Structures are given as C-alpha cells and as structure tokens.
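The data below hold one chain only, encoded as structure tokens and taken in the form predicted on its own.
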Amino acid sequence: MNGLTFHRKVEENTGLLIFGILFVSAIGGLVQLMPVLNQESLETATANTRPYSAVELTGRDIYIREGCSVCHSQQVRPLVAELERYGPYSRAGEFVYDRPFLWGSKRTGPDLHRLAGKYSDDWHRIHLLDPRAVVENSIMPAYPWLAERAASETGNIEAKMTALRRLGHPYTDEEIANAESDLEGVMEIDALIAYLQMLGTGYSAEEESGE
C-alpha cells in the first residue's frame, strides 16, 4: 500500500481518521508534558512561599465564591509591559500551595498577583464596599454583604486544611486544631483582605538575583 492509497483510506474511514487525530494529538500532548513531569522547580516552593493560614484560606474561598477570578488574573507574564505595570513575573514555586490555580486569562480588572502591600487594609475595605469611592471610574461591583457575614460560616476550615495536608501542604496538628478559633470574630471582608494582602509575597529578590 503506497502513501497515497493509505492516505485515501484514512480519509474515507471515519473511525480510522478519528483514531489518527487522537493518536497524533496524544503524541503532541506528551511531548509538551513529559519534560515537566520531573521538573523539580514546579513542585518546590520559593523561599518566601508558605501555605495559607486559616484566615487567608477562607478569604481565598470567598474570592473564588464571589467570582473575583473571572475579572482578575493572578499571573504576571515575563513581558516588558507586564513587568513595568505589575512588577516581577510570577514563578512556578509561588503557586505550589494553590489548589485550584487562579492564574486566569481575562483582565477586566488588573492582575492581582503582586497586590500584597500595595494598598492598606482600610483601602481594600472601602474598595470592596464602594469601589467608586477610591477608583472613580471603576466598574467593579460592591460587596457590602462581606462586612455582614462571619468568616467562620464559609465552610469547615479544619476539614479543608486536613484535606490539603494529605495533598502535601505542611499544616501542623496545632494549626488545624486552632483554625476555628483563628476565625472567631473575623468577618468575610477581613478574611478576603487577608488573602489579598498575601498575594505575591512568595517572590524573593534574592532568589531572582541567583537565577
């Protein structure tokens, strides 16, 4: 069977054509995935990266629940325009404790990965309750209910931290046992702000200089 005959046979046989497409696609996928499966840098936390505290983890859950990741990405790409606007590009090691990843691709609002410390807690509080009070032309909706709900009502924080420990997050028994008490008196808006104030703190200028 010459090449032309084989090619015609594949085109005329739907099942064979589908198999061929899947086979070639699988090879392409493996070529991209195999090199990174054993790449240690993708699984090793940067020097300043740590697991989220009970309050920060709860804030992250609220961030996801309210759909913040729909409008905000959390990954600074290594492009000049992004570096000038957002700061140092994101490293893989900064995301080892992120489940799920919230990199995103749509930026209705700015990227938030280097947000930590850029604004005060009070600024964030006003911004969440009334965005236009601090950013005149903001199209972000207000979230007044966050100041009315207790963070402890968001979910079972002990169960979540226990599950994450099974996945490799180094939570201690003490941290898990104290999780509920850490949330006492904390409102959802406080937890969300705590999470926002941690974004990007895994970056280390010393590590960058050693690259």
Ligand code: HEC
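Since the model is a prediction, treat every value here as computed from it, not as a measurement. Start at 1 with the first residue shown and count on from there.
Quick note: we don't show the form predicted in complex with ligand HEC, though the next part is all about it.
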As a check of understanding, the residue in I126, V135, A92, L79 with any heavy atom within 4.5 Å of ligand HEC in the predicted complex should be identified as V135
Of V186, I157, C68, A45, the only residue with a heavy atom within 4.5 Å of ligand HEC in the predicted complex is C68
Does any heavy atom of P131 come within 4.5 Å of a heavy atom of ligand HEC in the predicted complex?
yes
Do G104 and ligand HEC share at least one heavy atom pair within 4.5 Å in the predicted complex?
no
How about I139: is it within 4.5 Å of ligand HEC in the predicted complex, going by heavy atoms?
yes
State yes or no: in the predicted complex, is some non-hydrogen atom of Y119 no more than 4.5 angstroms from a non-hydrogen atom of ligand HEC?
yes
